[in-house]
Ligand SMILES: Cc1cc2nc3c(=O)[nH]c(=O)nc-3n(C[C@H](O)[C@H](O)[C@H](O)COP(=O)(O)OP(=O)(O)OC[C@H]3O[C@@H](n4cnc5c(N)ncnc54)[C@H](O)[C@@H]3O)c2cc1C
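First comes one chain, alone, set out as structure tokens in the form predicted alone.
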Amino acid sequence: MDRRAFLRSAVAAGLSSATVPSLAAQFAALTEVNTSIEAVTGNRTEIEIERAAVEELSASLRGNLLMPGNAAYEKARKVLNSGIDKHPAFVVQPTGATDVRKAVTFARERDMLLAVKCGGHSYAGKSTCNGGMQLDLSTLRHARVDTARRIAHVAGGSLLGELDRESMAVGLVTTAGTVSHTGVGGLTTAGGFGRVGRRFGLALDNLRSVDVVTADGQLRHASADENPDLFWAVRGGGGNFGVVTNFEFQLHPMQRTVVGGDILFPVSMLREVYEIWREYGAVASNDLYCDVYTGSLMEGADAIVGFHVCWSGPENKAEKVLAPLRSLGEPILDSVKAWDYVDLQRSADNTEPRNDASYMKAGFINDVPDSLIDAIENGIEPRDRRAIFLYCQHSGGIIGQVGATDTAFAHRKSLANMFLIVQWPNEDEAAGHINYIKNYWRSLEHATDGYYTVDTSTESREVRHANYQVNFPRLMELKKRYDPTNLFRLNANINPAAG
């Protein structure tokens, strides 16, 4: 029943008894039970929000508003890193841009802490929060391909697998990460690496336009011709400028079959593997994506080192292209084969942590000095109940041919995105594992030049701001214009109060 109708019927019931105390008692019953919801502001100040206001928001939505105690709330609040366990005051699941506008307006008017969740991949748990509103975009998903124009229209809460599946069905592709259940929003607004990124550029380089709900609750279309400053900022400024409800991507013709897989060696060959990659990775064809990584599993198995490759050029040239990587001798595993591209994109889905806690540090590297190889080799400490992965995700190619100021993403000269991850069972004490990875990272950090904003834990304001490099002054100006109260702060945040 509508709340106002319920109130009217309660009043009518009270009047029919012809006694004022009865009427007062019924109003007391309505107002004294669960009259407010405990929440926090963006600055973590405790506030109370009238339940009636939340009910009114819920009634205005086509989507869902989920409160604690609801099974759907428990599912929505969780993120991929199971070491993150936060409890929003409530969760909004929009079905369209209008719902997003209503939720953003509600949060802004109450200065309420706001978290935006797409795929939930943030290692630092930025897509959930304690005591704020979580805007869960999992109900805002679809991908539609315009074959004639070679354009994909992708809803803001979509996962990358939906984009790959729909575009490759008609022989088209764009850069879309390496794990299919990654959210399109977080990946694209921060940069967007992937197996065809060296050939076609970052995901954000392939954006034609976006629709964004900004902090004032307005829905703005942004492209090279309309709101071009906002379009520039969204491409690399992450979630600082609003909630993207629709992405329009440029697509490219590509055959479905690619050649990919892993070539693994014992960790005793770490130096040889990284030296080959250092020489070859910088000069390889743009059609070759080649990561280098080392790591060990939680069960205490021997550490390994190797390459992960994807060759999207002519299949008959793959053997020659991959020959330098195989020149080190007999690997312990060579899984390289012809793949359906969509299947290869999904092949790492189950390697993402779901039942274990994890922590990450990350940074871009522009080269691979001997001192970095030394530090990688010296830092690996395989042991039971701890998994370690050090991964250098291949950059360069077309990515490096875009100017540092052409988009808000400034890290164009990088050879790779290097990230260091530790995983451990949830029941273990986290501090020992986190301290290990922080100490290990200190030995690697000298070789880095900024970091990928979707990968790393929260840093100081000064570090975050410096990470935007030459683009920071313009980003600060636009943050003050589009989000002066810093409503969108759970990200690699540009704090408008700091400049």
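The model shown is predicted, which means the values in this text are computed figures rather than measured ones. Sequential numbering from 1, following the sequence displayed.
Not on display, but discussed next: the form predicted in complex with this ligand.
Proximity of Y452 to this ligand in the model of the complex: non-hydrogen atoms within 4.5 Å are present. In the model of the complex, this ligand lies within 4.5 Å of some heavy atom of L187.
Remark: R235 does not count among the residues lining this ligand in the model of the complex, judged by a heavy atom distance of 4.5 Å or less. Of the heavy atoms in K126, some are within 4.5 Å of this ligand in the model of the complex. Against this ligand in the model of the complex, the set K117, T178 and V243 is in full contact: each member has a heavy atom within 4.5 Å. Residue heavy atoms within 4.5 Å of this ligand in the model of the complex occur in exactly one stretch of 87-95, 262-270, 375-383, 117-125, and that stretch is 117-125. Between this ligand and the residues S312, T174, T182, S395, the one pair within 4.5 Å by heavy atoms in the model of the complex involves T182. Checking V258, A152, V292, L137 for any heavy atom within 4.5 Å of this ligand in the model of the complex turns up a single hit: L137.
Taking this ligand as it sits in the model of the complex, the stretch 360-391 never comes within 4.5 angstroms of it through any non-hydrogen atom.
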